[in-house]
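The form predicted alone is given below as one chain in structure tokens.
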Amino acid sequence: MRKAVIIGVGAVPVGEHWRTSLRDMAVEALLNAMEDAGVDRVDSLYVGNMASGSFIEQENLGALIADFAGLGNIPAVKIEAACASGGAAVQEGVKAVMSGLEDVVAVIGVEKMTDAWATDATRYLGYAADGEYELFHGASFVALNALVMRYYMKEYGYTEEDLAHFSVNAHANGAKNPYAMFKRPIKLETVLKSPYIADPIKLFDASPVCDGAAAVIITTEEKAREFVDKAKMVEVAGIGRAIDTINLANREDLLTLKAAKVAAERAYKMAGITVKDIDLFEIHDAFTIMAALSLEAIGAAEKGKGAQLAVEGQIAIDGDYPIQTLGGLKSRGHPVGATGVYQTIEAVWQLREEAPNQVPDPEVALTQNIGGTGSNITINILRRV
């Protein structure tokens, strides 16, 4: 198989884009990525999106975006894997290049969420869970995560303050990211004094409803030399994807993200590395509890010790396991279908040493994108060429 490398990245700032449509955000991000890559055409387009049909009553995003970007009669499709749609779309683009079927591929992640009423947005996000066995009985998506957080605290003796360290770290890093929705550091007391939205999850334990679009250009290492110099190339060295039960009740272990564990093992094997080789982690912190469980599932922490890394400060930029280096879902924002592509862009910036909040001399980065409460998870390993 051929090596797949990312040679261009582009995005729009995450926020509440009241005056900008989904198609306009997507096209802007795509054109920015194509300019960064020095390309004027692509062979295909993959669009990561969770719920455009619900949020803006628009499906067929592949055709919509390719048409308005002037890409011609290329193949273009939407990839849906709940909140992991962005990470899944990146993987589909990588596989297309590695297989030899396509030489230059564009991947976009996009979501327009703020056009919907808050109550409707809550319902649409819940579609990532089990509609018949969970949502029908009155459980919201936040409530399901709150259940997991409560059990984690009870099982391992953590407090709400312990888990709040994840949010504080994310905001400290996001404050330096020009694309972040929230560019201001916060204190522990800010998290602890924020209102509950589903006990024990507080407002500052959760990522915001927002809009955004991000894009990457993927090609082969040989083809890349036609467009950019070596310093701009970042190899996608390993990919892994797996599912778990869609509802929590059927999980083997409520406090293990089995899909993340399996996906990470597959990605590590493909890249020929272990977790000890990774210099930074962009994990899926839609809720602070998911950050703790993710660190454990990918092997960065022992079971039950994920929150301890946050308490000890090991997740900071200068720590042993730097995470959310540009704010993560909590501070940068979580436009669900776009999140996995934003994570990819941030990892590329770090490996190119172009990040506004730079990890010292990184060689390998991991991105992890979660769909549902852990039912559909992607892991991507990026490496400096």
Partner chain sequence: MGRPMQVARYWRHFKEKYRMVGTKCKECGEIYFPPRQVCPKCGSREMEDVQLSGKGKVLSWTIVRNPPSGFEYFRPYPLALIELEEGPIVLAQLTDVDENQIDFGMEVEMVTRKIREFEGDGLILYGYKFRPPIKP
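A quick note: this is a predicted structure, and the numbers were derived from the prediction, not measured. Numbering follows the first chain given and starts at 1.
Keep in mind the form predicted together with its partner chain is missing from the figure; the text below concerns it.
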### Message
Residue-level contact is defined here as any heavy atom of the residue lying within 4.5 Å of its partner chain in the predicted bound form; does M233 satisfy this criterion?
### Response
no
#### Entry: 4.5 Å heavy atom contact, N250 to its partner chain in the predicted bound form
yes
### Query
Closest heavy atom of L71 to its partner chain in the predicted bound form, within 4.5 Å or not?
no
### Message
With the partner left out here, check for me: in the predicted bound form, does some heavy atom of K154 sit within 4.5 Å of its partner chain?
### Response
yes
#### Entry: Heavy atom contact within 4.5 Å of its partner chain in the predicted bound form, the stretch among 177-185, 270-278, 142-150, 300-308
142-150
### Query
in the predicted bound form, which of the listed residues (I197, L192, I243, V228) lies with a heavy atom within 4.5 Å of its partner chain?
I197
### Task
Would you mind picking the one in V77, A172, L254, M98 that has a heavy atom within 4.5 Å of its partner chain in the predicted bound form?
L254
### Query
in the predicted bound form, which residues of 85-121 put a heavy atom within 4.5 Å of its partner chain?
T119, D120
